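So this first bit is one chain, no partners, the form predicted on its own, shown in structure tokens.
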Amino acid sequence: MPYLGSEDVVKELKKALCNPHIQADRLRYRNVIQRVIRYMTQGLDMSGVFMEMVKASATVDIVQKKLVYLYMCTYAPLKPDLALLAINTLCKDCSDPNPMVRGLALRSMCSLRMPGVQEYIQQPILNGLRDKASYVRRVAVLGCAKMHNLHGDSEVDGALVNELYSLLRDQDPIVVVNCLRSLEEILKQEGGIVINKPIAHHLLNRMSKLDQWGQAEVLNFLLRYQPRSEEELFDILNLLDSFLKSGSPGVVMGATKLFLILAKKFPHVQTDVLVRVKGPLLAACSSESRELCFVALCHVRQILHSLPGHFSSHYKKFFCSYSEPHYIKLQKVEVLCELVNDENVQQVLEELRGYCTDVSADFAQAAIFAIGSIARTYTDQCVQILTELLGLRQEHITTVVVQTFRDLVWLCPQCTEAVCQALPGCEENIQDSEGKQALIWLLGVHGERIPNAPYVLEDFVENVKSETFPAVKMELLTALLRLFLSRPAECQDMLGRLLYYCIEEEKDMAVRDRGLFYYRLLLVGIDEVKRILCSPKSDPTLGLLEDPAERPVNSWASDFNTLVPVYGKSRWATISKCHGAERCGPELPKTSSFAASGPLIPEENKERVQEVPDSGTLMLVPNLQLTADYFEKTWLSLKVAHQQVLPWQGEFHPDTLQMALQVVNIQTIAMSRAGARPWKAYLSAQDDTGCLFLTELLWKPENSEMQISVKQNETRTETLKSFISVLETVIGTIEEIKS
């Protein structure tokens, strides 16, 4: 057999397709065509047999026609000279007596992504909309949306829209659903399809004849209709009642959301609906489909925000199985925390206790944090379990238990004594930065109750030079100074050594500054130290802030049956905006607003750079990606919109400037190497309206100046002024830092 990538393959297949003996044998002929398709999908250029494949479409074999149509749709856009031949063949098949052939030909023709094809497919689509066969009408309706996408910038064809609206009363239910989808796509710029009273009632009456996908789609469209009277509202709810018992989770969720939206003025109806969907939701939480299970758990948590304890009697449904993936286990643990009550607290805590020794360290730590969350209500039982976990001497367990103890004594001061008794000895099993900080904080704040607190802190002081985390050093400074106030004799010497090291030897400026601050504070006097450092050791009111009150159902009803419960409202808004921008413009995506992100030099200068975007006049896109070729082509095609010169004294550091520009979402396309004279850099940025800014920076050391040249793809004076202001702020800030 010839090598896959050689021209011999094409020659062999071309010869076989032309062989009359093979053509006479239907199975052999189909096998040759299948080989062509197989090589095509593997990346081999099979355009050389285009003519032979077009001839192969002249057959009554539906399978062979499908293969040939797939081939023609693949190569017609790549071979414009041969595309007309493919279109003529498909147009001819659109008039075939067999409705299956007509539908396949029309679907293939609508799938051709090439300019100028609209004039050829318009008439076949109109004929297909009036075809007697339902399959052809289904294809033709979706073809309307495809045809509109090919020329999305053209005006909407009113006659075509009216034709689609009339087809909403078609006898075939799939045609009806396809009409809704097509109208939504065609009328997207005008807000989508309009659902009035006749359409809404017609769709409701046809719901029982639709499949589960069609029902879910129609329920989503019915959200746009608002009943005119209370009587009509309850008539609609009665029609929807049976869909709350559907075997499809998608239909149940869609019907539930429609109930919640329509009954927004009747909270008792909303509560009744949520009670009725408890069964389907619990079934989804136990589904073999992991994705369905995860989404259902997210919706359960959303319902619990308004109905705490709604699933309490079924708490065992949320116990984790060993074979479940990590993300589902985490969701179940979160749900269990919200279902705890006096009747099931013991069983839930025993279950969580078993999770604390799971082979997955992340899941074990999540279970410990969950016990800590429950401890705010059931303190004694939880503290006892956490204390027993310390006896396991496992590093990842000890670290999280100590962090939980730190939060617990702050919110529940009544457990302080038990925590202080459990702490001695746990320092040997903590290596993590967060765990060290939590332990040091506890030793500093409650050290007078822990006999060996000074000696544990002394071990940290002895090893401070090898400590890699500055946050631990700063926590150690604060804790030791606090403990010095209550146990001065034991802490004075080590406090002096620690202050000396932090001031004289420490390289991290934050640690050094804190050491200097405490040293100068001690010089002022102990009374002043006590006034500043001796803050409250606990604040139970913070627990009330962390446990928000019950939220009304209407606050999240519009987010039900969407991805908001999965991602969270703010994150999903960002994702939706990104996806919408990608659909609008593939070259230059529009994402979040102009905001500082990423590190710059000192914080005070970072705030200065952010003064411009805070005004709200300019919104720059982060992570804009432009190729050098595209930049060069666009740069040469535009005229300079603004040019000015800024003073620049002394040396120039390109890396610092590049970091500062990244903070304000201005990307560097190219720049000269460090030390080049003159030095050049080319920058790009885009605002949220699509206006592109291309910039050239030219540094001339002999003139001590920085020349800025900016070009725009759209003439917008105010936007240009805002962009120039951003550049001036960044360059001015870097100049001040340098000097």
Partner chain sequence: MIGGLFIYNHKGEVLISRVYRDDIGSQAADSAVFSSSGPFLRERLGGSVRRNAVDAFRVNVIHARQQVRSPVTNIARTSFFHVKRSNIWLAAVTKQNVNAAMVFEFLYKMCDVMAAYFGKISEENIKNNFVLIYELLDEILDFGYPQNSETGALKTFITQQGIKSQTKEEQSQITSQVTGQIGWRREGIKYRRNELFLDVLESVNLLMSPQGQVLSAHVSGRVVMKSYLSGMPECKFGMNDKIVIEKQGKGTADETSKSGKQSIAIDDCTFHQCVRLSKFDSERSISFIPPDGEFELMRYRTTKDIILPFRVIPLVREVGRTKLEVKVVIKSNFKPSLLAQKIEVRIPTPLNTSGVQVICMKGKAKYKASENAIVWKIKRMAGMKESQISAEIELLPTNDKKKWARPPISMNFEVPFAPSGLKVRYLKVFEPKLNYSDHDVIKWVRYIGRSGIYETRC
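This is a predicted model, so every value here is computed, not measured. Rigid core here is just the name for the largest C-alpha set that superposes within 1.5 Å across the two forms. Numbering follows the first chain given and starts at 1.
What comes next is about the form predicted in complex with the partner chain, which is not displayed.
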| query | finding |
| --- | --- |
| Residue contact check: residue 196 to the partner chain in the predicted complex, 4.5 Å heavy atom | no |
| Partner proximity in the predicted complex: residue 265 to the partner chain, non-hydrogen atom cutoff 4.5 Å | no |
| 4.5 angstroms heavy atom contact with the partner chain in the predicted complex for residue 703 | no |
| Partner proximity in the predicted complex: residue 45 to the partner chain, non-hydrogen atom cutoff 4.5 Å | yes |
| Sole residue of 670, 51, 58, 62 within 4.5 Å of the partner chain in the predicted complex, by heavy atom | 62 |
| Single option in 637, 570, 466, 323 placed near the partner chain in the predicted complex, where near means a heavy atom within 4.5 Å | 323 |
| Three-residue site 38, 70 and 212 fully in contact with the partner chain in the predicted complex at 4.5 Å by heavy atom | yes |
| Stretch in contact in the predicted complex with the partner chain, which is absent here, among 479-487, 120-128, 625-633, 272-280 (heavy atoms within 4.5 Å) | 272-280 |
| Heavy atom within 4.5 Å of the partner chain in the predicted complex - qualifying residues of 709-724 | none |
| Core-aligned C-alpha movement of residue 231 between this form and the one not shown reaching 2 Å | no |
| Large Cα move at residue 290 between this form and the one not shown, threshold 2 Å, rigid core | yes |
| Core-aligned CA displacement of residue 209 at least 2 Å between this form and the one not shown | no |
